[in-house]
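Form predicted alone, single chain, as structure tokens, below.
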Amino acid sequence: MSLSTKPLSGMRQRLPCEFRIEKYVTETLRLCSVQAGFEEYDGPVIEPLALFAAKSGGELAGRQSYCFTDRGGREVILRPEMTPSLARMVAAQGELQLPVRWFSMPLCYRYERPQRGRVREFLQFNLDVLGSESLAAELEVILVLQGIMKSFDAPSSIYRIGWSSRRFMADALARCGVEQSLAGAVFSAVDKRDKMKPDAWAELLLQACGGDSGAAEKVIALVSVEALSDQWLTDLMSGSSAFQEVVEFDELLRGVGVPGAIFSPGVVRGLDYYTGIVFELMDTGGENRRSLCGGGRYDNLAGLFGNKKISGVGFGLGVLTLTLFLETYGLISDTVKEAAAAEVYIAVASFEAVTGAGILAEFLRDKGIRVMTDVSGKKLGKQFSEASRYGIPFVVTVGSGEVKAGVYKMKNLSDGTVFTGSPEEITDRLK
């Protein structure tokens, strides 16, 4: 039986042309983070299953993840996301100088049905502020998110940052008549609103409300609100401190100027550890309407480890999902897609010239020039074609005569001009 040439379903592999684009995206994310004063970290790919069951909830840790018992009899998990690992790492540090601003780019794993933008092995960008209970922390991470979109030249017309508050929604659900014991199920149902047909979602919500049609109707009205000034909403939330926090955050967003940020009560996020402001970055351009990333406030980050309370706020952004968004709207330039593997191609005229070609290549590389040397032994004409195929703009021909004289011909493939000179002169011309 022959082996398959395909990777396991949902597992990532990147050819050079694909990796080049991914590298451009990840380097831009890193630059935006560093410019905002964030530092990079990483953690283990394999963690104890109990860590994720406690922090992320049973659905993610159980049904959507790669879990197994290792040879030591321990129940472990391939990390499906980063926040629980972050909680463990922060707790292990003891006394941290708070607040801290960290970001990471981990490989994560979820056992889900592969589809466009959703795979089982994926690179995820995470950014968090830890140790600040001020709404300024939420504002900061959303400003970084907006800065990322600006860095990719994404117009605000094709995305929005929908936001709400889990604290506000918990209070609102109680005022809508939802029993406290059913709040978790209602949160889960609300989170599925944009993923289901309206009738099917309404039935799911009714079940989550324990069959209470009156409460379900009020919840539908709640998640349909489009403005904080809505009279029905202000009447419902009269005297609520959680609602006042939402109003204050809206004033911050308006004051700084975040045009894509819109209050959306239906944004609740599906993970159990979110407790305050939550938000999602949505593609609204019409080509691929879906969530690009999500995040929010989570309290008592290190509480499971017996440490003092550390609050945090952050978000996770799928690199593949963001890349598909950028490609859909033509936001990745041909310069990135067609970047040459080298600046100079050294064509080797004969086997006797291989040593001289290697010496010249090392000289140019030491000067900071990217050099590809022919290793095929093909005729010179085919070597020139190979350089053109790679998009390399210059070709230096090396033969026994050139090596002996120490003078080489360099051809510009775009206009056909030829420059003759020493290695030093070639370096100067290239620079």
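What you see is a predicted model; the values in this text were computed from it and never measured. So that the term is clear: the rigid core is the largest set of C-alpha atoms that superpose within 1.5 Å between two forms. From 1 onward, residues are counted along the sequence shown.
Another form, the form predicted in complex with the RNA, is not on view; read the next lines as being about it.
Chemist: Taking 4.5 Å between heavy atoms as the contact cutoff, choose which of L380, I46, L31, A50 touches the RNA in the model of the complex.
Modeler: Here the answer is residue option L380.
Chemist: Which listed residue (L292, M89, L236, I220) meets the criterion of a heavy atom within 4.5 Å of the RNA in the model of the complex?
Modeler: Filtering the options by heavy-atom distance leaves L292.
Chemist: Examine R71 and determine whether its closest non-hydrogen atom to the RNA in the model of the complex is within 4.5 angstroms.
Modeler: No, no contact at 4.5 Å.
Chemist: Does the 4.5 Å heavy atom contact test between G356 and the RNA in the model of the complex come out positive?
Modeler: Output for G356 is no: heavy atoms all beyond 4.5 Å of the RNA.
Chemist: Please determine whether R160 contacts the RNA in the model of the complex, using a 4.5 Å cut-off between heavy atoms.
Modeler: No - in the model of the complex, heavy atoms of R160 and the RNA never come within 4.5 Å of each other.
Chemist: Although the partner isn't part of this model, could you tell me whether W102 comes within 4.5 Å of the RNA in the model of the complex, counting any heavy atom of the residue?
Modeler: Although the RNA is absent here, W102 would stay clear of it in the model of the complex, with no heavy atoms inside 4.5 Å.
Chemist: So which of 254-262, 142-150, 118-126, 225-233 is the stretch with heavy atoms within 4.5 Å of the RNA in the model of the complex?
Modeler: Correct option: 118-126.
Chemist: Thinking of T328, T373 and K404 as the candidate spot, does the RNA come within 4.5 Å of a heavy atom on all of them in the model of the complex?
Modeler: The answer is no; none of T328, T373 and K404 reaches the RNA.
Chemist: Looking at the RNA in the model of the complex, which residues in 408-430 have at least one heavy atom within 4.5 Å of it?
Modeler: Read in sequence order, the residues that approach the RNA (within 4.5 Å, in the model of the complex) are K409, K411, N412, L413, S414, G416.
Chemist: After superposing the rigid core, is the C-alpha displacement of W201 2 Å or more between the shown form and the other one?
Modeler: After core superposition, the C-alpha of W201 moves 2 Å or more between the shown form and the other one.
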